[in-house]
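We begin with a single chain expressed as C-alpha coordinates, specifically the form predicted on its own.
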Amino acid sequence: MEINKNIAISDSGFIFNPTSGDSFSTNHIGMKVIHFLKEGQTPDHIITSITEEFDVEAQVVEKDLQDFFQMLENYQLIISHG
(Lines give C-alpha, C1' and ligand atoms only; values in the text may rest on other atoms or scores of the structure.)
Protein backbone atom coordinates (compact mmCIF):
# COMPACT_ATOMS: atom_id res chain seq x y z
CA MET A 1 0.00 0.00 0.00
CA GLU A 2 1.16 3.49 -0.76
CA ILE A 3 0.11 7.11 -0.43
CA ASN A 4 -1.87 8.32 -3.44
CA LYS A 5 0.53 10.43 -5.54
CA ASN A 6 -1.97 13.32 -5.86
CA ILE A 7 -2.19 13.84 -2.11
CA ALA A 8 -0.50 16.87 -0.56
CA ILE A 9 0.80 16.38 2.98
CA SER A 10 2.27 19.13 5.14
CA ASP A 11 4.73 18.61 7.99
CA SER A 12 2.08 19.80 10.43
CA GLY A 13 -0.31 16.94 9.60
CA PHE A 14 -2.57 18.70 7.10
CA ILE A 15 -3.61 16.36 4.25
CA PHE A 16 -5.27 17.61 1.06
CA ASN A 17 -6.82 15.53 -1.71
CA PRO A 18 -7.00 17.80 -4.78
CA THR A 19 -9.11 15.28 -6.68
CA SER A 20 -12.00 15.48 -4.21
CA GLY A 21 -11.19 18.85 -2.61
CA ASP A 22 -11.29 17.19 0.81
CA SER A 23 -8.82 18.09 3.54
CA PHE A 24 -7.94 16.27 6.72
CA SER A 25 -5.57 16.57 9.63
CA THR A 26 -3.80 13.91 11.63
CA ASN A 27 -1.82 13.75 14.83
CA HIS A 28 1.88 13.02 15.40
CA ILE A 29 1.46 9.24 15.22
CA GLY A 30 -0.65 9.48 12.08
CA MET A 31 2.12 11.53 10.48
CA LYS A 32 4.65 8.86 11.46
CA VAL A 33 2.49 6.20 9.79
CA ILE A 34 2.19 8.31 6.64
CA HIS A 35 5.95 8.89 6.64
CA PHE A 36 6.55 5.13 6.90
CA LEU A 37 4.13 4.52 4.01
CA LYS A 38 5.94 7.11 1.88
CA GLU A 39 9.17 5.18 2.60
CA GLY A 40 7.50 1.94 1.43
CA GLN A 41 7.58 0.32 4.88
CA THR A 42 5.38 -2.71 5.59
CA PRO A 43 2.58 -2.71 8.15
CA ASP A 44 4.66 -5.10 10.29
CA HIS A 45 7.55 -2.62 10.33
CA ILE A 46 5.17 0.22 11.22
CA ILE A 47 3.64 -1.80 14.07
CA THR A 48 7.07 -2.69 15.47
CA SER A 49 8.35 0.89 15.25
CA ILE A 50 5.32 2.43 16.93
CA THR A 51 5.20 -0.30 19.59
CA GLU A 52 8.82 0.36 20.51
CA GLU A 53 8.69 4.15 20.39
CA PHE A 54 5.46 4.61 22.33
CA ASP A 55 5.64 1.55 24.61
CA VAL A 56 2.24 0.12 23.70
CA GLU A 57 1.13 -3.42 23.01
CA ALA A 58 1.46 -4.65 19.45
CA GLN A 59 -2.17 -5.83 19.37
CA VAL A 60 -3.39 -2.31 20.16
CA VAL A 61 -1.17 -0.77 17.49
CA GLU A 62 -2.24 -3.39 14.94
CA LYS A 63 -5.96 -2.69 15.51
CA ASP A 64 -5.48 1.08 15.45
CA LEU A 65 -3.34 0.80 12.30
CA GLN A 66 -5.99 -1.31 10.54
CA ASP A 67 -8.61 1.30 11.44
CA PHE A 68 -6.34 4.12 10.21
CA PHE A 69 -5.60 2.30 6.93
CA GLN A 70 -9.34 1.73 6.41
CA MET A 71 -10.00 5.43 6.92
CA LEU A 72 -7.19 6.37 4.52
CA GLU A 73 -8.61 3.99 1.91
CA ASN A 74 -12.16 5.26 2.36
CA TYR A 75 -10.98 8.79 1.63
CA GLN A 76 -8.81 7.59 -1.29
CA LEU A 77 -5.61 8.77 0.39
CA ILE A 78 -3.83 5.43 -0.04
CA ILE A 79 -3.71 2.82 -2.76
CA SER A 80 -3.82 -0.80 -1.63
CA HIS A 81 -2.04 -3.41 -3.74
CA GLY A 82 -3.90 -6.62 -3.09
Partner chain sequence: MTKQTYERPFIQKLNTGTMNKFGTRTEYTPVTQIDGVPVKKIIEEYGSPCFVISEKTIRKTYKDALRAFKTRYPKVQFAWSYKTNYLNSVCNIFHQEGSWAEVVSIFEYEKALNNGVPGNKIIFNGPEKSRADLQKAVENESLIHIDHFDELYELTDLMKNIDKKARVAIRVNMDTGVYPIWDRFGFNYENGQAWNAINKIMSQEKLDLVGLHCHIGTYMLSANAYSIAAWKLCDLASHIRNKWSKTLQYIDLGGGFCSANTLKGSYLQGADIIPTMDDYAEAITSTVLNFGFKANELPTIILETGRALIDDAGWLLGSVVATKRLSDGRRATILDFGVNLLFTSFWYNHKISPAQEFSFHSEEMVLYGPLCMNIDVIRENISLPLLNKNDHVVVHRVGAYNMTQWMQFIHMRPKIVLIDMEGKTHVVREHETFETMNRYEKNPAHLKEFSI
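Just so it is clear, the structure is predicted and the values come from calculations on it, not from any experiment. Positions refer to the first chain, counted from 1.
The following text describes the form predicted together with the partner chain, which does not appear among the structures shown.
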query	finding
Close approach of residue 51 to the partner chain in the predicted complex, 4.5 Å, heavy atom	yes
Contact flag, residue 27 vs the partner chain in the predicted complex, heavy atom cut 4.5 Å	yes
Contact test in the predicted complex: residue 55 vs the partner chain, heavy atoms, 4.5 Å	yes
Contact label in the predicted complex: residue 67 to the partner chain, heavy atom within 4.5 Å	yes
Residues in 62 to 79 close to the partner chain in the predicted complex, defined by a heavy atom within 4.5 Å, in order	63, 64, 65, 67, 68, 71, 72, 75, 77
